[in-house]
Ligand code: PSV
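Shown here is one chain on its own, the form predicted alone, set out as structure tokens.
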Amino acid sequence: MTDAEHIVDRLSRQHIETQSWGYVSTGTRFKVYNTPGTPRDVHEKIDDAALVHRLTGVAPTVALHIPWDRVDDYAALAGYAQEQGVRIGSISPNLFQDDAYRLGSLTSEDAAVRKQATAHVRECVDIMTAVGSDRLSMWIADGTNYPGQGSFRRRRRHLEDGLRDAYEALPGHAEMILEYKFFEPAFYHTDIADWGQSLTLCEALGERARVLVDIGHHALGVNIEHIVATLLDRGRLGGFDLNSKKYGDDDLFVGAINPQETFLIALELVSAEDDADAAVSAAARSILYKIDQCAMIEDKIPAMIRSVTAMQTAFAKALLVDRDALDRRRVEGDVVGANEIVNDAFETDVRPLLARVRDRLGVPADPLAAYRESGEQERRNAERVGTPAGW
């Protein structure tokens, strides 16, 4: 197999998950914008995710958020997804939208609120079993806005108790992936503010708890690829929420602001997949890649296609890096030469390579152009009349 054939083969097996909420009405903190053709329920969200998969060939699963995607029969919903050509992916409990969570969910001082939050997470674990999901994706929005508002250590103990309850309820094949965010919606402190806090919680829970890295959840200038490498080496990187940022947690589509950062993260990941340590390699190959973007002003399906293809581009360029030559430059102390090898791959036009990948997958060479020419948006605009789904 030639190098190009190896890369085509690797990219043909790529798996990128889209989120159901990425297809609905969204906006800013001040206004949610409703647009024609927006899904009205979870079935139509799945329809849109299935269309993205048919056009790209690498997005076979769709993540659900509960209660946004709550239905009476989850087995039937999983069957519906399969009929459309996709599967239900990770399940996320929303521990931020109930009035009871104003002062915290799993970390609340009120035992009744903590019990409510724990019961909701347990509900999501049951949903995982019903739909065949293997990942519980947890983001805890808890935190405080003012000094003195809460006890850091007591909140941490409550949080560990709630997460342990969820972890012990997981099906035997499933994992918990635990997200972090250094600010928002709380502004003085967040209970899981960075990757180290998430990591220590995961280590306390067990082997099937891993860290989820949201690209937008870092202060400006943070070296995310360094965080990724550290978590990979410890076997504790569980997944990504993929997006772009300019200032804060902007949730822009992937590669919109700093595509080189996406490429450098991908380089760490493909290097770990080929690591001589079998445990590192296996952990790297099981990572969840999930699009997590808020299409505030852009059309939803084109934005999702744009993010999926941006991830394909980043990985294609990362796979072009001559890692043997790169290691030689590193050992020799050739700083400029090492950087040149990485930069040459980043500047390579991989569109012809991706066209070969899409030909193998039997999808359009240009998924975004194919969508625009398909009439699918116009059909959705005409058929989806009524109240759209949204926040």
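Start at 1 with the first residue shown and count on from there. The model shown is predicted, which means the values in this text are computed figures rather than measured ones.
A second form of this protein, the form predicted in complex with alpha-D-psicofuranose (PSV), is not displayed here; the remarks below concern that form.
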Testing 337 to 345, 60 to 68, 30 to 38, 358 to 366 against alpha-D-psicofuranose (PSV) in the model of the complex with a 4.5 Å heavy atom criterion leaves exactly one stretch, namely 60 to 68
From 155, 114, 306, 181: within 4.5 Å of alpha-D-psicofuranose (PSV) in the model of the complex by heavy atoms is 181
Picking from 191, 268, 214, 175, the single residue whose non-hydrogen atoms come within 4.5 angstroms of alpha-D-psicofuranose (PSV) in the model of the complex is 214
task: Determine whether any heavy atom of residue 371 comes within 4.5 Å of a heavy atom of alpha-D-psicofuranose (PSV) in the model of the complex, and answer yes or no.
output: no
Check: Is residue 139 close to alpha-D-psicofuranose (PSV) in the model of the complex, meaning a heavy atom pair under 4.5 Å apart or at it?
Finding: yes
### Query
Should residue 249 be classed as touching alpha-D-psicofuranose (PSV) in the model of the complex when contacts are defined as heavy atoms within 4.5 Å?
yes
message = Taking any heavy atom pair closer than or equal to 4.5 Å as contact, tell me whether residue 96 reaches alpha-D-psicofuranose (PSV) in the model of the complex.
response = yes
Contacts from 9 to 35 to alpha-D-psicofuranose (PSV) in the model of the complex (any heavy atom within 4.5 Å), listed N to C, are 21
